[in-house]
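Before any questions on binding or motion, here is one chain by itself as structure tokens, the form predicted on its own.
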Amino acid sequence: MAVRPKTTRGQARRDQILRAAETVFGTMGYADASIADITREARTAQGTLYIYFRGKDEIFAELVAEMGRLTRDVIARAVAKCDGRLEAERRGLEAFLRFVAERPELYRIVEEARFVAPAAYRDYFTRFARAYRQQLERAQRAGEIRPGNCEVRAWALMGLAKALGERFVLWDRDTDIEEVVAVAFDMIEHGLAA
């Protein structure tokens, strides 16, 4: 496992390495990135990197886990004061897409993790889905949403957000996120039936 620094200075250096790795992996991809690229971007010695990480695979997996923590935190803050599950869906989707727009390299790392670090990729989505399912179950018990399989719903809603993030944020940087959220939320709220 990656070493957690005991000092503020050590934590700052570790974070500096992670931010550099985020840029390098997110722009070059895992296969083309090297430790030398990361340390050059971080403006630190290779030996310093090895104080905190065993290699680029460990750094990559740490970035996937970090994306999971950050995403869950961003969405939790966005939905904290919502008046119901449907409002939480709208606000959560918007918060997610805005976060992807702010940190596109980190999102690309998660996408690449499917092939580079499949265990980290699976853990990222499984943790998210577990919490999402629980929130949907609470909303279902409260009568805020109709009865149904909350596990399937959680994965379907995550898939929707993932695809929208890729198409309308990574591929098209000039997208009106509010418009994308409005259209997607209309479908979430009303379905496709005429």
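Here, rigid core means the biggest group of C-alpha atoms that superpose within 1.5 Å across both forms. Computed from a predicted model, the values in this text were never measured in an experiment. One rule holds for the numbers: they count along the sequence shown, beginning at 1.
The same protein also has a form predicted in complex with the DNA, omitted here; what follows describes it.
Visitor: Of these, 63 to 71, 127 to 135, 45 to 53, 164 to 172, which stretch puts a heavy atom within 4.5 angstroms of the DNA in the predicted complex?
Guide: Answer to the contact question: 45 to 53.
Visitor: State yes or no: in the predicted complex, is some non-hydrogen atom of Arg19 no more than 4.5 angstroms from a non-hydrogen atom of the DNA?
Guide: Contact check for Arg19: no, nothing within 4.5 Å of the DNA in the predicted complex.
Visitor: Report yes if any heavy atom of Lys6 sits within 4.5 Å of a heavy atom of the DNA in the predicted complex; otherwise report no.
Guide: Result yes; Lys6 sits at the interface with the DNA in the predicted complex.
Visitor: Any of the heavy atoms of Ala142 lying within 4.5 Å of the DNA in the predicted complex?
Guide: Residue-level check for Ala142: no, no contact with the DNA.
Visitor: Decide whether Cys150 counts as a contact residue for the DNA in the predicted complex under a heavy atom distance cut-off of 4.5 Å.
Guide: No.
Visitor: Verify the C-alpha shift of Arg173 between the shown form and the other one: is it 2 Å or more after superposing the core?
Guide: No, the C-alpha position differs by under 2 Å between the shown form and the other one.
Visitor: Quick one: core overlaid, is Ala12 moving 2 Å or more at the Cα between the shown form and the other one?
Guide: The answer is yes, as the C-alpha of Ala12 shifts between the shown form and the other one by 2 Å or more after core alignment.
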